[in-house]
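Here's a solo chain for you in structure tokens, the form predicted on its own.
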Amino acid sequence: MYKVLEKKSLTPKAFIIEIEAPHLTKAGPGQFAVIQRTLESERIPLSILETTDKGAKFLVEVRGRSTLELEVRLNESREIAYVEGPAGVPFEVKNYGRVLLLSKNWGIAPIINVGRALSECGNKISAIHVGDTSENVYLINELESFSGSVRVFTEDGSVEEGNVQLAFRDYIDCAGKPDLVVCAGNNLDSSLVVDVCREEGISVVSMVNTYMLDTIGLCLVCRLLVNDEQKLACVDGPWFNGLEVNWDYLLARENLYEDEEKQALEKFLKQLEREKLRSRR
């Protein structure tokens, strides 16, 4: 079992956990880990926010059954059964020049992890973070600690209204084209960022999101197409040249288990309700 040294709530939809896992202490920028609360729980790939002297910290955004289970059960027991990693290929850190970091919701965690390393390498950093709502805006102070400028938007207008594509175009109009864009968040928004980069002739490195099982390249669940060649997000990624990714293929695979995910969440919510009723007796 692995100890959860800290669990800190950020908003009703997000929290940070620090896990004691010595094998994660030397993770490179942009790598991730896979955790299971119990050995029967779903394996959850989580981007590493930062490494510590005892393990690593992660941002967890509650999106479905497994992340909700993690939030609820860690309030009962600060232990996790399994932690695997560091996984994936580290981000290629070098001096690109002017770099724009673009994150959506939970994507701010890998963006901070990579952006800090790029800043230390001498890049001039600017950043844009977009949330669905103000509850998806967090860790802005950490982003500001190494970025020359940071702008925050929300799609519902609870902060400055805007989506990733509009925010990106506004940046280009005001500051000009960056030498590199680095984006992380959901695949749809990343694909919109890539569309602008393709139109404007801007290099872009994107984090892709896929289902994952074994994370060692055997199950093929995380496959995607890059330059019409099959790649695996777990061993070849999660960072790719965004202009070479077949985003339509990636987005189509996202919906494979949509019904099962809804059913799993509904079942767990009913289970929590039963537990709450029993506790009142």
Partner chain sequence: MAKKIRYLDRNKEPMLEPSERVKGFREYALGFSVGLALDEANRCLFCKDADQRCIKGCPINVDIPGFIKKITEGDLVGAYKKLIETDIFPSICGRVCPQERQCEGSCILYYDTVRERKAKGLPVSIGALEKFVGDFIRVSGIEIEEEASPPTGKKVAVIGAGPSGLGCAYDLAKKGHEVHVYEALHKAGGVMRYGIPPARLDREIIDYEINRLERLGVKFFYGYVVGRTISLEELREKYDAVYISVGAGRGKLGLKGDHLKGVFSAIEVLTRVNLMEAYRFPEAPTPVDLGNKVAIIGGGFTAVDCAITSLRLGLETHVVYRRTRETSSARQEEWDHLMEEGAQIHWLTQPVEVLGNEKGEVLGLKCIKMELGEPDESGRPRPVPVPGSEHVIECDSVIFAIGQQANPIAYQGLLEITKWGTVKVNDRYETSMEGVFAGGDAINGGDTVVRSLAHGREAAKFIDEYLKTKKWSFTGGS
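Residue numbers count along the first chain shown, from 1. What you see is a predicted model, and the numbers here were worked out from it, not measured in a lab.
The following text describes the form predicted in complex with the partner chain, which does not appear among the structures shown.
Novice: Does any heavy atom of E42 come within 4.5 Å of a heavy atom of the partner chain in the predicted bound form?
Specialist: Output for E42 is yes: heavy atoms within 4.5 Å of the partner chain.
Novice: With the partner left out of view, is R65 within 4.5 angstroms of the partner chain in the predicted bound form by any non-hydrogen atom?
Specialist: Judged by the heavy-atom cut-off of 4.5 Å, R65 is in contact with the partner chain in the predicted bound form.
Novice: Mark E84 yes when one of its heavy atoms lies within 4.5 Å of a heavy atom of the partner chain in the predicted bound form, and no otherwise.
Specialist: Yes, contact at 4.5 Å.
Novice: Is the gap between K267 and the partner chain in the predicted bound form 4.5 Å or less for some heavy atom pair?
Specialist: Contact check for K267: yes, within 4.5 Å of the partner chain in the predicted bound form.
Novice: Given a 4.5 Å cut-off on heavy atoms, tell me which of 206-214, 96-104, 171-179, 190-198 is the interface stretch with the partner chain in the predicted bound form.
Specialist: Result for this chain: 206-214.
Novice: Kindly confirm or deny that E92, I140 and S149 each have some heavy atom within 4.5 angstroms of the partner chain in the predicted bound form.
Specialist: Contact check failed for every one of E92, I140 and S149.
Novice: Which residues, if any, of 247-265 lie within 4.5 Å of the partner chain in the predicted bound form when only heavy atoms count?
Specialist: Stretch hits, in order: Y249, A252, R253, E254, N255, L256, Y257, E260, Q263, A264.
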